[in-house]
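Encoded as structure tokens, the following chain is the form predicted on its own, with no partner shown.
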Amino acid sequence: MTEKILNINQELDLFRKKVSEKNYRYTPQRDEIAQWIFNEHGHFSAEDIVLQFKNKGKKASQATIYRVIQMMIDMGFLIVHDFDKGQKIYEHTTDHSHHDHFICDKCGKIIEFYDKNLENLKNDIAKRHEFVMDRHSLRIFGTCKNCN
């Protein structure tokens, strides 16, 4: 598994370049939202961004935040998760290597994990079924140690 880790300045430069290439309108507010997202190394909701901006006295409408999120999804900077809680959860992809998720049904805690044996098993199963995997997402639901 190879991964390319970028620092926040590299991520922002790449974001700005893609905004220009896609002829999206650049605004300092969009840049500030992208900066918050690149600084967040866990899973987050759009509401988390709204709350953080509000708590810091910064202006960013919910509509603007959702537009930036959609732009970043379209450009490949974010992926969307639905962990069966009725809310979309996001994480940025530029500094994260592949991983899977445990989700606690009681408290909603999300635990990321990577297991080489599991990855090999998934590849072997795909090969046996003559299936070419482009990507996958594994979500395992249960109870975390704090709720157990």
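None of the values given here were measured: they were computed from a predicted structure. We number the residues from 1 along the sequence you see. Throughout, rigid core stands for the largest set of C-alpha atoms superposing within 1.5 Å between the two forms.
Just so you know, the form predicted in complex with another copy of the chain exists too; it's not on screen, but the next bit is about it.
Within 4.5 Å of another copy of the chain in the predicted complex, counting heavy atoms only, one of 42-50, 63-71, 115-123, 24-32 shows up; tell me which. Heavy-atom contact with the partner occurs in 115-123.
With heavy atoms only and a cut-off of 4.5 Å, decide whether residue 137 touches another copy of the chain in the predicted complex. Answer yes; at least one heavy atom of residue 137 falls within 4.5 Å of another copy of the chain in the predicted complex.
Do residue 8 and another copy of the chain come within 4.5 Å of each other in the predicted complex, heavy atoms counted? Residue-level check for residue 8: no, no contact with another copy of the chain.
Contact of residue 128 with another copy of the chain in the predicted complex (heavy atom, 4.5 Å): So residue 128 counts as contacting another copy of the chain.
Could you tell me if residue 104 has a non-hydrogen atom within 4.5 Å of another copy of the chain in the predicted complex? Yes, contact at 4.5 Å.
Residue 140 C-alpha relocation of at least 2 Å between the shown form and the other one, rigid core basis: No: residue 140 shifts by under 2 Å between the shown form and the other one.
Taking the rigid core as the frame, does residue 106 move its C-alpha by 2 Å or more between the shown form and the other one? Comparing the forms between the shown form and the other one, which are aligned on their rigid core, residue 106 does shift its C-alpha by 2 Å or more.
C-alpha of residue 21 off by 2 Å or more between the shown form and the other one on rigid core: Comparing forms between the shown form and the other one, the residue 21 CA shifts below 2 Å.
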